[in-house]
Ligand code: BGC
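Heads up, the chain below is alone and in the form predicted alone; it's given as structure tokens.
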């Protein structure tokens, strides 16, 4: 009887141990599956040029938020407008296992080394807002129609000054963007295609005589550089003349011009164009210190970039609406162009506040 009891006890102990092992094995397997699921989520690198401009902070934040919502791990980096920093950050993204890159290039021709690595590793590259040039490593491009941005700015000045009916002459100055940004030339060309005929006729006069892109470009889209140049122009050309308009390609250059006018100009206040609808500029729009702005909804652009990432990582073709325009010197990059909206004091409430892009308190 005693021996029989020992046998039963031993069998019970074995059963308990077996159950324990089964339980441990089940838990380990579950944890392993979870770890596997986690490790299988693709990592996406997002490279933005700088935090110095409001719009890039919004772009980076929007893309990261939407990619994470879609289940991706995101490495978001800002390069402080330094090309070497951006190159280094992209190399680190590739070495850390990123399967796709979303890149807003500082200089569209200076990313050759990391892009060559991306192509070797079959990492898909989405050029974001700025076309990346002279490489066949770019898969797709998403932006706004940047030529139309310039056209809209030029058309606003043409219509508001009534250049087709008024003889003028009207004095105008020109402020373009960074020479390394492919879009800067597109903005400028779009505006000048509207304005140049009136300059040729003498209806518009550039007193500084600075009309070529190289003369009016603003390195890094820098507000202080635009302000310094505008102050020099005011001093040399507008001490005793009125300035009727300033064609500024974006809001950071417009803000520099507006600062210069506030500190150094005594004449009739000019019409000033802009782009991006930065908060400081929208405030100036409301105060009649800026005549118009171009709204490029970064939420829409970020959404399009995320759709492209989703498609390429699934081995699918993303939606594009332009397969002819954007030749980067090596290839025509399939592109998706988002719509722009012209904003003035009359419609900023509807376009910017009612749409939820800003809150009323942001503009106070």
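None of the values given here were measured: they were computed from a predicted structure. Positions refer to the first chain, counted from 1.
Beyond what is shown, the protein has a form predicted in complex with ligand BGC; the following relates to that form.
- Remark: residue 129 counts among the residues lining ligand BGC in the predicted complex, judged by a heavy atom distance of 4.5 Å or less.
- Proximity of residue 276 to ligand BGC in the predicted complex falls within the 4.5 Å heavy atom cutoff.
- Mapping the unseen interface onto this chain, residue 183 counts among the residues with a heavy atom inside 4.5 Å of ligand BGC in the predicted complex.
- Proximity of residue 221 to ligand BGC in the predicted complex: non-hydrogen atoms within 4.5 Å are present.
- None of 304-312, 318-326, 64-72, 50-58 except one has non-hydrogen atoms within 4.5 angstroms of ligand BGC in the predicted complex; the exception is 50-58.
- Each of 187, 250 and 296 comes within 4.5 Å of ligand BGC in the predicted complex, counting any heavy atom.
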